[in-house]
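Taking the form predicted alone, here's one chain by itself in structure tokens.
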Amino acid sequence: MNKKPFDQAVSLACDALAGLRENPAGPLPRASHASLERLVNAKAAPIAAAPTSTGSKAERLEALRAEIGDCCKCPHLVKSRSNLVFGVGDPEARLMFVGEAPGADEDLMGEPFVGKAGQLLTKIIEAMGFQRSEVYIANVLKCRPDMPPGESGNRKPRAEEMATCLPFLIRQIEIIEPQCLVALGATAMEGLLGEPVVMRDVRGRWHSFKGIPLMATYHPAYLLRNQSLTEKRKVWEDMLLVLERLGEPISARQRGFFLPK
């Protein structure tokens, strides 16, 4: 089948499926629902399996981004999003940060962690001795979770949404091959591990994700809500463990950050 007409057909199918889910009694008969599901899934299925083993890491990431395209595996998210938020940073990064999902600012700009929480994350990265451009930043979910009509803010991604999107993140990790992963918040950790977690129980010690050392720490948004030195120090202690694992030099000044004077 010619690719362009097929893409157009899939686009129409995604729109129709989103409308059908919003209004099951709409113009399409309900018998079409399963057919539309199969068409959408047929388009999306090769994404997680398509090889990206040739070329530089930057080229392979670009190929993955092209394969994902305007993913419509979750039609309700397609309907509400402004941009798919793929990831940003150095394809050769030794350190990769993983959040849960884009927020409003990220959805508009198409880049992860650019709002207030993202600005704080950048400060943490710089305090570690890196530039933001030297690490890689992505989310488990590539689309902003939709909000109920009339409501603002951000909602937690659903488990099934993260499970659907996780193969994309896995391929990013496989391409980048970071030496360390940092999960920002309990939801990101849940998305990676596939089970609910309590942050106080999982932070401060090493876990593993597909053989890569994984550290969980509080989301920067948590620190914006709770700015006590005690909580800031917990996050910083986690980052010191990451620096040690990476073999990075740690100054006396860095070791003393957020300790009582």
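Everything numeric in this text was worked out from a predicted model, so none of it was measured. All residue numbers refer to positions in the sequence shown, first residue = 1.
The same protein also has a form predicted together with uracil, omitted here; what follows describes it.
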Which of 168 to 176, 73 to 81, 142 to 150, 104 to 112 lines the interface with uracil in the predicted bound form (heavy atom within 4.5 Å): 104 to 112
Partner proximity in the predicted bound form: residue 190 to uracil, non-hydrogen atom cutoff 4.5 Å: no
Residue 60, heavy atom within 4.5 angstroms of uracil in the predicted bound form: no
Exercise: residue 161 in contact with uracil in the predicted bound form, heavy atom 4.5 Å: no
Residue contact check: residue 100 to uracil in the predicted bound form, 4.5 Å heavy atom: yes
